[in-house]
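Okay, here we've got a single chain as structure tokens, the form predicted alone, with questions on binding and movement later.
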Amino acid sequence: MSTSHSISADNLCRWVDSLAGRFQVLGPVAAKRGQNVFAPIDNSAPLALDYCTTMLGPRFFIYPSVQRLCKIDRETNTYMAADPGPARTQLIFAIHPCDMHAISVLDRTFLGPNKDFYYAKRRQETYTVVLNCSRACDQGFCASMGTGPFLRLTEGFDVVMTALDGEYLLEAGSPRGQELIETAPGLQKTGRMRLYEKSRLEQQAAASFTKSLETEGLPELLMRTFEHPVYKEVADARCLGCSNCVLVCPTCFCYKMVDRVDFEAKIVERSRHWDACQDYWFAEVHDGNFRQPQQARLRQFMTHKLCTWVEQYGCFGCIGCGRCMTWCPTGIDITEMAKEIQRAPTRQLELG
């Protein structure tokens, strides 16, 4: 990172106001029923920088739930590819470290050897400003996953902020992030005491977690215990197959293609929609359903996040945000399921 700077809370608001003139700024705001959401803002007034989490992560603005890909006009024999980028260059403000890690996980999926053009263009046209967390969320365990409470990435983001007693420490993560910082009013060079305060705050935030998960050797253990009875027990007793967990998970990337044809069969529009592995029909193929039992679908979600993703992408697919358990109607907790397997990995499968 480049040299860090400090900025007062008032000047931070002025900075956001100026950024809103250049970008489509998206930030955390208070919504109905006490929930915070990422939404477009025209100025700094609606920002809720002390938010804990949101139901949907900011990935929504880079990887939309519904995205039109192309349009075919059979009458004129024309094919039109959709513009995948936002109408205006966007800046996502105050992303929590875990959600920034989630975007970096999606990068490995969509920007790998088979680059996704639609994702790549939106990602390039999105600036990211991260806000380090000063405390743990109730269901969060990002410290266990190495994704928080402070940002540990060294690339893939533009700016990281840390709140320090009425001021904010700004550090650039990219050249364009450095350019952003230089536009902020009232910048001051950061002294050693401020950097020491940042380190102390990070330790304090890390100590505030009440939920944890031991990840050492976990992928290998889950692979060896594929038939552990905990999957069937939890699936039979509690899992509704509602797909809430995967729809709020900020690293899920599965999608399905949807073709819509007009009444006269002249115009065809193709789009992609988020899909869910917990949906009964997700694994339906020409010869049957290879994940018909609910326990198989629940196991797919858990092992993909905590096991097979590591082999495929070199990182966990879980960032420890806790959304899957927060928004599960029956409170299924994947950390408790993992701990049950860690406690009794050789417990025999009960047949019946």
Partner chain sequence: MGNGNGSDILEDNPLIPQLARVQKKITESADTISLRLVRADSRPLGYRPGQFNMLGLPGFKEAPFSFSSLEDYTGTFVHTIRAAGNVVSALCRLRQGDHVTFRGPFGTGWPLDKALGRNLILVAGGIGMAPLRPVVDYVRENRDSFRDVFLLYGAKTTDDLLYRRQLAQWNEEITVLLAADRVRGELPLPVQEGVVTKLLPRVHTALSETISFMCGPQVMIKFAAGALLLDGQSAGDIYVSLERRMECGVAQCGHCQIGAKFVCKDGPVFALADITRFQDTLL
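Numbering follows the first chain given and starts at 1. Just so it is clear, the model here is predicted, and its values are computed rather than measured.
Keep in mind the form predicted together with the partner chain is missing from the figure; the text below concerns it.
K.L.:
State the residue from Tyr168, Phe150, Tyr127, Tyr118 whose non-hydrogen atoms include one within 4.5 Å of the partner chain in the predicted complex.
P.N.:
Of the listed residues, the single hit is Tyr118.
K.L.:
Going by heavy atom distances of 4.5 angstroms or less, which of Ala82, Ala163, Ala205, Leu221 would be at the interface with the partner chain in the predicted complex?
P.N.:
Of Ala82, Ala163, Ala205, Leu221, the residue with a heavy atom within 4.5 Å of the partner chain in the predicted complex is Ala82.
K.L.:
Could you tell me if Cys52 has a non-hydrogen atom within 4.5 Å of the partner chain in the predicted complex?
P.N.:
It does not: once the partner chain is placed as it appears in the predicted complex, Cys52 has no heavy atom within 4.5 Å of it.
K.L.:
With a 4.5 Å heavy atom cut-off, would you call Asp138 a contact of the partner chain in the predicted complex?
P.N.:
No, Asp138 is distant from the partner.
K.L.:
Are any of the heavy atoms in Arg270 no more than 4.5 Å from a heavy atom of the partner chain in the predicted complex?
P.N.:
So Arg270 counts as contacting the partner chain.
K.L.:
Leu187 near the partner chain in the predicted complex, any heavy atom under 4.5 Å?
P.N.:
Leu187: no contact with the partner chain in the predicted complex.
K.L.:
Using a 4.5 Å heavy atom cut-off, indicate which stretch of 212-220, 102-110, 153-161, 88-96 touches the partner chain in the predicted complex.
P.N.:
That would be stretch 102-110.
K.L.:
Note that the partner chain is not shown here; using its position in the predicted complex, name the residues of 259-290 with a heavy atom within 4.5 Å of it, in sequence order.
P.N.:
Contacting residues: Asp259, Val261, Val268, Arg270, Arg272, Asp275, Trp281, Phe282, Glu284, Val285, His286, Asp287, Phe290.
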